[in-house]
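Take a look at this one chain, the form predicted alone, written out in structure tokens.
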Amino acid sequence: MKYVVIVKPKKGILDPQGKAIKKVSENYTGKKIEDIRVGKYFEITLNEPDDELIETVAKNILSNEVIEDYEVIKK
């Protein structure tokens, strides 16, 4: 069983890396981009499905719940 965990900064949290990429992208393309947010992407493979384990890892290890949101996707 494969899981994907996506971690993104919460709305309202500054994302300086995303802002830098947005600025470079606009300078490179000459086109306005409304927003770019930078996050983290994790692929986790288990022999047996274990949603509770993945939820625990995503919440307590892969993300910082104070400043980040996460999403778990089963593949």
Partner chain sequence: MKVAIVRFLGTNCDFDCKYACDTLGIKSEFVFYTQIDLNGFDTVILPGGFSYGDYLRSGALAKFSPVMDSVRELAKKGYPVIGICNGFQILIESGLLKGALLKNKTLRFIHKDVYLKVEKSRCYFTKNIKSESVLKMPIAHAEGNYFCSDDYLKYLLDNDMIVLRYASKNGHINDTYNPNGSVYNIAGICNENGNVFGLMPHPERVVGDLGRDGEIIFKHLL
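Residue numbers count along the first chain shown, from 1. Here the structure is a predicted model, which is why all the values come from computation and not from measurement.
Below, we turn to the form predicted together with the partner chain, even though it does not appear here.
- Relative to the partner chain in the predicted complex, residues K2, G39 and I73 are all farther than 4.5 Å at every heavy atom.
- The closest heavy atom approach of L53 to the partner chain in the predicted complex falls outside 4.5 Å.
- The shortest heavy atom separation between D69 and the partner chain in the predicted complex exceeds 4.5 Å.
- Using a 4.5 angstroms threshold between heavy atoms, I61 counts as touching the partner chain in the predicted complex.
- Contact between L14 and the partner chain in the predicted complex is found at the 4.5 Å heavy atom cutoff.
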